[in-house]
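To begin, one chain is listed below as structure tokens, in the form predicted on its own.
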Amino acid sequence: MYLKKNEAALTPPMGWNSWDCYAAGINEQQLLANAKLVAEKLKPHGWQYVVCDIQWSEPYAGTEPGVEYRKFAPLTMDKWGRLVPAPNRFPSSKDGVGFRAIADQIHDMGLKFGIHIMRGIPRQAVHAHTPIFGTDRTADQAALPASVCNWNGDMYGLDPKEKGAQEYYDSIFQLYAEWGVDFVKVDDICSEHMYDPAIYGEGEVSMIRKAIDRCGRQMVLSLSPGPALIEKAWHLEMNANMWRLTDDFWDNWTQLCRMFERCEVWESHVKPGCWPDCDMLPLGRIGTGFGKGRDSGFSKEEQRTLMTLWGIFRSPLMMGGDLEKLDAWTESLLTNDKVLGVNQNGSEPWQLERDEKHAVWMSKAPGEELFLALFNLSDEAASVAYDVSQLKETYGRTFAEAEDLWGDRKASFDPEKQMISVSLKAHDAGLYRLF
């Protein structure tokens, strides 16, 4: 079971997710339009997932500008209490097809398909006493009505002690397998704010893991929001492939700076099949579904810092911007094969130094080479330097050259002194391969 879980994501997943741009209102046309652009522009560089985020079962989600979730909105559901796509938004889902037709199209593009779900069972099913597939139980008998998300009231938690709870999860993941789903993002299940024995998501995570293992289809399991509890690292590593280190990450420098601290806490837990997740990349055109479409608020230097940290830490890479409005600068960030190679091919990421003005990260490169990232965290241009000789004991060797992986941040490297330094603008970063 454990090895099978890891094999779903031996490298950090790379893809596109609809949330940052479309919020709860994504429809079939928008989803497939972005999928085609993932295939055309990003797939040659290793990107492969297309993920439909929250509220796909709600017919009128996204129809009220600025409203993320409509309280007690009716959801589209089958007779077993399983949510299915709203056919007015996803026309190909009619007649019980679900997401199968969309998944087929995405697979035909050489990509993989993912969906978002909330933990638990629809309160709509609980109130209607719908039967649970394959059992003599009904939704109300397996639910925990006191366990409700504080920002989306669509679901009640499932009680792991009750017959029917595991069977409900088994039934929905069997449905997802029939649809051809490759990636499932489960929400309201991975946060320090849930650290209450009555509602903490550990029991439901375990049930979800069992359901995936039983469904007959390999799926990446991504947990959100966050911050995840480091005390639960053992359980996350046993059950999930990705888990969020933060609440929703958006395009402001303060949040980006805090991510250095979060990565430091989780750096020793990065390994094949287990990817602490810094959240999506709010790059390009975002926010349309929130009624305030805008270009990313990050400066170009901050965007480079974002991609450098996510890259060397080996976070999953999930683009959040509208690919139909992809600009040349953003595309260059997402298609730099040398930078993406750090994310996909590095190992054992480690923070070497950090204070309020700078940070230095490393990860092992294939062979005996080294990836090194230098960050200027200050509000002014500055030189950032690092004495690489400190790593001689770790590597058993010295280095002769430093390759600039961004291509326009050439560093000064002294092979005799093993000293690297680079002049960086405020909030900027450089990324290097030492060999």
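Bear in mind the structure is a predicted one, so any value in this text is a computation, not a measurement. Numbering starts at 1 and runs along the sequence shown.
There is another form of the same protein, the form predicted in complex with a further copy of the same chain; it is not shown, and what comes next is about it.
For the three marked residues, E28, D104 and F133, no heavy atom of any sits within 4.5 Å of a further copy of the same chain in the predicted bound form. A residue is said to contact a partner when one of its heavy atoms sits within 4.5 Å of a partner heavy atom; E393 meets this definition for a further copy of the same chain in the predicted bound form. With a 4.5 Å cutoff on heavy atoms, D108 does not count as touching a further copy of the same chain in the predicted bound form; it lies far away.
When contacts are judged by a 4.5 Å heavy atom cut-off, W80 does not count as touching a further copy of the same chain in the predicted bound form.
Shown alone here, F313 lies farther than 4.5 Å from a further copy of the same chain in the predicted bound form, counting heavy atoms only. For a further copy of the same chain in the predicted bound form, the listed stretch (111-119, 70-78, 273-281, 331-339) containing residues with heavy atoms inside 4.5 Å is 70-78. In summary, among the residues K357, H127, K94, R217, the only one with a non-hydrogen atom within 4.5 Å of a further copy of the same chain in the predicted bound form is H127. Contact with a further copy of the same chain in the predicted bound form, judged by any heavy atom within 4.5 Å, is made by just one of E348, E324, E178, D295: E348. Looking at 215-232, the residues that come within 4.5 Å of a further copy of the same chain in the predicted bound form, counting any heavy atom, are I230, E231, K232.
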